[in-house]
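Below you will find one chain, with nothing else, as structure tokens; this is the form predicted on its own, and questions on how it binds or moves follow later.
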Amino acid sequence: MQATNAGAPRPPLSRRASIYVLEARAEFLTLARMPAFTVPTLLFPLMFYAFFGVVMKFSPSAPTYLLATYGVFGLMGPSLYGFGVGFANARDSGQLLLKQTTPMPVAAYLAARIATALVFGMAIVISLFLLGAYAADVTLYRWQWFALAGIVLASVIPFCALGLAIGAWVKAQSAVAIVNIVYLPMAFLSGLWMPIALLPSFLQKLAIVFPAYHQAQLTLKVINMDQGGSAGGHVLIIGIFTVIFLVIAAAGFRRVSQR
């Protein structure tokens, strides 16, 4: 995805911006037309929240707690599948090689997948918030709603990086299985499906090794239901995880380019 003519004049800003917009639109339409992606991505967080937060709420605070954690869970899906599965498929099918022969910058390809994850994420957040407010009677200050939404949507940063690391190394045939092995256990062990305090003590101690735990703790700080620790500490750990994932992804890119 590098320009084939290094001496060619750089296109104007409007042309470069249109490349990003068109690539993002194409990526969104590709995934939106795949029911195997859109249905579980959009419905699973809502179904789980409706069951555990509305129907089977185990405490008065459960709907509010789960609104934050299922928001993070909802963002993990499009981020991990969009990069982990999508990138592996594009590489093994030859789509990535075809894109590399065009002048499209690699940043446009990556930005398109991040933007797509954000669009799906916003749909999930809005749906969860409406379900929480009207079906579970969750009451928050206006600033809490906006802060919660912002932190949840920021989840795309570490999880897209993790998805990219997976997609850069695994084959397309095994990408879905590998993503599921990472995605579902991490969500459970990070306290996204139920309060972390309900898990056995050894699992509570294990949770700190997962980026999803730290992302969830940031969201729970907004509603004063976190397990403690500073927000800066959680952000630092998430940043370290993100850098590690990007380094792993870069090593995978170099391996592919050397074939």
Partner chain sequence: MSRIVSTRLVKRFGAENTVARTLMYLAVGFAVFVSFLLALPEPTPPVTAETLENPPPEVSFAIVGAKVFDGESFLPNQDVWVENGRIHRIGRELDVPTDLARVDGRGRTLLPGLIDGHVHTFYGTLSDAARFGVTTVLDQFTDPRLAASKRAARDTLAPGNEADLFSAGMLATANGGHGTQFGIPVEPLSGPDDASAWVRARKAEGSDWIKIIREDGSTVGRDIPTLDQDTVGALIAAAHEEDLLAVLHVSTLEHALEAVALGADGFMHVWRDAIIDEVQAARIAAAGVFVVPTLSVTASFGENSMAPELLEAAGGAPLSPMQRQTLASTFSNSSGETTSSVALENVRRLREAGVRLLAGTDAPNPGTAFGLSMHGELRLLQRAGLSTAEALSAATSTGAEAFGIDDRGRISEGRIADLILVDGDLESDLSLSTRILAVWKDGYPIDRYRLDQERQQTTPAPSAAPETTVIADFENGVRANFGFGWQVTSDQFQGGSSTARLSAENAVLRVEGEVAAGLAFSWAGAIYFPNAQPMQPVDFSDRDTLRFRARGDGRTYHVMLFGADAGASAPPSVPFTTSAQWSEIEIPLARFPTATPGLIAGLAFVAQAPPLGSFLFEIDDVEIR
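Here the structure is a predicted model, which is why all the values come from computation and not from measurement. Positions refer to the first chain, counted from 1.
The form predicted together with its partner chain is left out here; the points below concern that form.
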Note: its partner chain not shown here; in the predicted complex, the stretch from 120 to 128, 182 to 190, 163 to 171, 72 to 80 having heavy atoms within 4.5 Å of it is 120 to 128
Report task. Spell out, yes or no, whether the shortest heavy atom distance between Y49 and its partner chain in the predicted complex is within 4.5 Å. Result -> no
- 4.5 Å heavy atom contact, G228 to its partner chain in the predicted complex: yes
- Query: So, in the predicted complex, is S61 in contact with its partner chain at a 4.5 angstroms heavy atom limit?
  - Reply: yes
ask   = Though only this chain appears here, would A133 touch its partner chain in the predicted complex if you measure heavy atom gaps against 4.5 Å?
value = yes
In this chain shown alone, the residue from I208, L43, A36, L198 with a heavy atom within 4.5 Å of its partner chain in the predicted complex is L198
In this chain shown alone, the residue from V176, A149, I157, A111 with a heavy atom within 4.5 Å of its partner chain in the predicted complex is A149
Near its partner chain in the predicted complex, with a heavy atom at 4.5 Å or closer, the residues from 151 to 168 are L153
